[in-house]
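Coming up is one lone chain in structure tokens, specifically the form predicted alone.
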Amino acid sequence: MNIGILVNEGPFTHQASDSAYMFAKAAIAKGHAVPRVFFYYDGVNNGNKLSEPQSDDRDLVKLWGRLADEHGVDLVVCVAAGLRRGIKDDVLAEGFRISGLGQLIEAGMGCDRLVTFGD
């Protein structure tokens, strides 16, 4: 099964990003494909390479990037939501790319399921 994921919350303010990451890992481990994760609203902060979590905290930005590298997951940050929050190409973490809402529509149409995390 192909599963698209939509993340609407940032990595340090809400459980949604952690839940989305764990869901993606579990789905891949069970043999499902996760071709794309789309980050929207505050979720675009998951792609900010300037974030520095405390040394004893998880680093979701790097974890997402590693997931993309190891499993070919397309991590897309919404351009409009990103610009509103200062996320541009120069602060984009490795494994992420910026694109428009068309990528979300494509994920919804091309996947068997689109699972949303966050409001």
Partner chain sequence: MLHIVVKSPFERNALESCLRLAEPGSPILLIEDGVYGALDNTNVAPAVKSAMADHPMYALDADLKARGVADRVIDGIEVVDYEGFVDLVVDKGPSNTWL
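Positions refer to the first chain, counted from 1. Computed from a predicted model, the values in this text were never measured in an experiment.
FYI, the form predicted in complex with its partner chain isn't displayed, but the following is about it.
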Using heavy atoms and a 4.5 Å limit, would one call H32 a contact residue for its partner chain in the predicted complex?
yes
Do L50 and its partner chain share at least one heavy atom pair within 4.5 Å in the predicted complex?
no
Answer with yes or no whether F12 is in contact with its partner chain in the predicted complex, where contact means some heavy atom within 4.5 Å.
no
Is V91 close enough to touch its partner chain in the predicted complex, meaning at least one heavy atom pair within 4.5 Å?
no
Can you tell me which bits of 12-47 touch its partner chain in the predicted complex, meaning any heavy atom within 4.5 Å?
Q15, A16, S19, M22, F23, A26, A27, A29, K30, H32
